[in-house]
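Provided below as structure tokens are two forms of one protein chain, presented individually as structure 1 and structure 2.
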Structure 1
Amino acid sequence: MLRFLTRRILTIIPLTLVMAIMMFFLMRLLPGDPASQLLGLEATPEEIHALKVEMRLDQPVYVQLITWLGGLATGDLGESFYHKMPISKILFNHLIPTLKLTLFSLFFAVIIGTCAGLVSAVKQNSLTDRILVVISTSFMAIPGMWLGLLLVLFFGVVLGWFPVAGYESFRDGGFGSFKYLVLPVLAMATAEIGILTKMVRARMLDVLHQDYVLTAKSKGLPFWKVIFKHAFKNTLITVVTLSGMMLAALMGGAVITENIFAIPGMGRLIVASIARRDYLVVQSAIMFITFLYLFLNFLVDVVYAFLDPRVSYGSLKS
């Protein structure tokens, strides 16, 4: 178990390093240079030069690279041109809303999707199953941004049940702050619920045809115990694997959702910073959100290892 986890961590480190280097060079792809981009066409050469110095763009490329990598390691990412604030502080301020949004959506989608998929598989070919298949297929095709807008229109504008947009931290709003999250989470989770229902159903049907399920039945175990103990635990592993993939989709979805609901998270920060040409922030934020993704994925693997003895005892999956 410990060996598996260390190995997993050790793969993240070089990956992050190469990613950081890649992000660095991606920024060099900008037509012209970030300083002149930032200041626009009216800027004088002096102004541009001054900004270049401020952004350390006058130094040789390798010095800039080392500064950037060193900054990532120490947490000193420089200062935002627009906010006039240390970037690390900005990132930290925008982290919580995104994390809340993503994790709540994941949690919600996993619970609903797993239950629906389970019911669908156990009652295969019944009316319930057919309805669930239709619903999950439709859910998968609903664009999250569109659903977000429709939810705002219906529950926010027409019914007035939930706020149309905005965000409140838990410290400020207590449990009332969750009302801001309901619609965004629904918008993000729906497609994932569809996918999960479909996958859990397929996996469960597969598991139900496995020999060990027949063994369990032949022992004289009652139906529900065969389903919930023997079959479901095997299906749960798939759910955990899928959670990793869903995280990727959700973090992407968060960018769009935050923009619809004006939630001050990483996604909104990135898009707004692109518009403001605050490229240092864009670069750092993308780096940070990706690192976050890798970390969450690592946690998913830990859960996986706990569930599947074949992983923790090191015979499967390197």
Structure 2
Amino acid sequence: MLRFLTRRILTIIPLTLVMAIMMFFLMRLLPGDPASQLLGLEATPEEIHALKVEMRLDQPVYVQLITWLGGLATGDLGESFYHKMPISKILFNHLIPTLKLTLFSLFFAVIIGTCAGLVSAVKQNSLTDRILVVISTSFMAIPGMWLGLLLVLFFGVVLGWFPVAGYESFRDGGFGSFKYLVLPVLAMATAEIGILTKMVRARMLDVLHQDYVLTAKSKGLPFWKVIFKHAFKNTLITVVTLSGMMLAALMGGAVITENIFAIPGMGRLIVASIARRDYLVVQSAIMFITFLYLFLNFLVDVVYAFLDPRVSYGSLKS
């Protein structure tokens, strides 16, 4: 197990380094530069050059890369060109809304999708099963951006049940602040619910026909014990694996959702910083999301290894 975990940790380092280098050069491919964006169209070439020197953009590209990687390794992300404040503070201020949006979406997708898939498999070929299959397929086919706009129009504008945009922290609004997350969470979690329902149903149907489950049934064990202790336990591996994949999809979808619902999260920060050519903020924000995603996937691997010890044993032999 220790060797398995060590190998997983060591894979994070080269992946993070490659992503950092790619992100650095992709930002340099954007037209324009931060100095021109900050000073405006009326700035003289002398003023633009002076600001570039102040921002250290006059240095060779490889020097800028080494400096940034060194700061990234030590936790010194530098200062935003636009906000004139430490980037670590900016990221922290925008991280909480994104985490709340992503984790709540993942939570509801896993709970609802797993329960729906379980019920659908247990009641195979029944009316309930067919209805759940149709609903899950429809959920998978609905684009998140289009669904978000429909939710805003119907539940926000027509019915007036929820705010159409904005965000309120738990410290300021208490439990009432969650009303701002209802529509965004629905927009992000719907497709994931459909995917998880289909996958859990397929896995449960496969497990229910395994010999050990049929043996448990023949011994006269209670129905609920056969389902949850024997069948569903092996389906959990599918749920854990899909949760890690969904996390990446939800983080990517947060960029669009946060802009639709005006949520001041990491996605909205990245879009605004790209428009301002605030290189350091964009690079640091994407690297933070990348590292967070890799770390959470590492946790998924750990849980996977505990649920199925053959994974760790196979890694030791390979």
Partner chain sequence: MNKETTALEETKPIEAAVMRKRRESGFRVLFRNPLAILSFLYLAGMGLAAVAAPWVAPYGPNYMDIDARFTAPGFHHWLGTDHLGRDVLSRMIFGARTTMGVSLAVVMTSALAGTALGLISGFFRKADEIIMRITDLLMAFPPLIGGLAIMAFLGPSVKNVVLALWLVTVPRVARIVRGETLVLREMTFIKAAQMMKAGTGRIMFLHILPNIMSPLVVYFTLLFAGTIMAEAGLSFLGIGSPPEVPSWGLVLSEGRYYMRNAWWLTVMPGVAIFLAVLSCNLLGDGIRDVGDPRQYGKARK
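Note that the rigid core is defined as the largest set of C-alphas that superpose within 1.5 Å between two forms. Since this is a predicted model, take the numbers as computed values, not measurements. Structure 1's sequence is the ruler for residue numbers, which start at 1.
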* **Chain form predicted together with its partner chain: structure number out of two** => 1
* Answer yes if the CA of residue 48 moves 2 Å or more between the two structures after aligning the rigid core, and no otherwise. => yes
